[in-house]
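Presented below, as structure tokens, is a lone chain in the form predicted on its own.
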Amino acid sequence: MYNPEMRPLGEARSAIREAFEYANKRKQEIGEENVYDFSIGNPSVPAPACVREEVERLFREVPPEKLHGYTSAAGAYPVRAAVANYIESAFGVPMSAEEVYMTCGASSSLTITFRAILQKGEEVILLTPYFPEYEVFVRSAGGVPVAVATAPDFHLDLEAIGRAIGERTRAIIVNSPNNPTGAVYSEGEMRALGALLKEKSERFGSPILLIADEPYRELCYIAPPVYPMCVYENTVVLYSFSKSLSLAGERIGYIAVSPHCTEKEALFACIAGAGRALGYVCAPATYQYAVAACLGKVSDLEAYRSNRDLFYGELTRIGYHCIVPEGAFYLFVQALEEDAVAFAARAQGYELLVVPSDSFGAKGYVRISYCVSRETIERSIPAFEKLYRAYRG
């Protein structure tokens, strides 16, 4: 009677959401201050002043029918033009409004893009560990996810990627800075990946798309990552303002198609068609206009660097092992037993909410989100010490 493929997705939340909902339940039972919730990437620093100022100006000066009415399906043209101009000025890529599609956050950007490019049975390479919903989104578009492990330091393993590319490969998705590891791929790595994709595209006679998922672009503690369109022609950039402007709940972002893409007009038409088919048209109008006035602005991201340094220092002092994150706001920590799910369950006994790595396509780790208050991290350290002693004696 109903779609049997959708029921399990509705009945079982993702591991991230499961931990988040459990944390909310425990906060009600024992008090928020007694629960150490490191489950979800919910920005903890406020949006920059420009967001509030622009929203207030919009409500004062813009007619309600424009502020709360429908925009064009692909987004308000002046907003798309502003995004294109920003990309050109910031990264030197000659963009136009006709290559920008405004979306309801990064998730809709992903689902639209996969629906736009995939025919049944075509493959998308996912680099493990990866954001769990990538697999859900690829499968829902009729595609086949192909997991390829990264190197031990979580950077690109180009030989492994090369072996995985075949005649059914349609795209590879790259997330840098990375969720969950915090890895930031160097310009050299990205150029080498671009050269590999170009060579494989020519061999198989069809362009392989580089899908760059970039919600964490500004959350970088080393040299800023290279803009993907600058290293490979057939690139689509998916951007969200959820992290840079702390607007996760407002659900606003965009898809930008490289002006150098093969048959870019056809690709953009497919993106617009997929948005229509999925019902993702007319992204929230008020926040389209608001972010257009705040392009290039960011929240106080130094708070995350401070949290990273504190958390990494304390956990490694205790005896936990992880690689220093180069970006984003997650620690990817080795579990104290092979079964990361069991380790995360045991951590719950100390009111520590972490996410096991299994759903990220990897084994033996947990993701710890440090976009929380500094006080939460400080209060959690004794619990992490008790957990460690319970394993190590």
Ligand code: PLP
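Numbering starts at 1 and runs along the sequence shown. Just so it is clear, the structure is predicted and the values come from calculations on it, not from any experiment.
Although it is not shown, the form predicted in complex with pyridoxal-5'-phosphate (PLP) is what the next lines describe.
Among S107, N307, T150, S299, the residue placing a heavy atom within 4.5 Å of pyridoxal-5'-phosphate (PLP) in the predicted complex is S107. This chain is displayed alone, yet in the predicted complex one of S186, Q288, S201, S242 has a heavy atom within 4.5 Å of pyridoxal-5'-phosphate (PLP); that residue is S242. Of the stretches 80 to 88, 120 to 128, 207 to 215, 223 to 231, only 207 to 215 has residues with a heavy atom within 4.5 Å of pyridoxal-5'-phosphate (PLP) in the predicted complex. pyridoxal-5'-phosphate (PLP) is not drawn, but in the predicted complex it has a heavy atom within 4.5 Å of Y330. Using a 4.5 Å cutoff between non-hydrogen atoms, S258 does not count as a contact of pyridoxal-5'-phosphate (PLP) in the predicted complex. Among heavy atoms of R170, none comes within 4.5 Å of pyridoxal-5'-phosphate (PLP) in the predicted complex.
Taking the partner from elsewhere, N175 is found to have a heavy atom lying within 4.5 Å of pyridoxal-5'-phosphate (PLP) in the predicted complex. Contact here is defined as any heavy atom lying within 4.5 Å of pyridoxal-5'-phosphate (PLP) in the predicted complex, and by that definition each of Y134, N179 and R251 is a contact residue.
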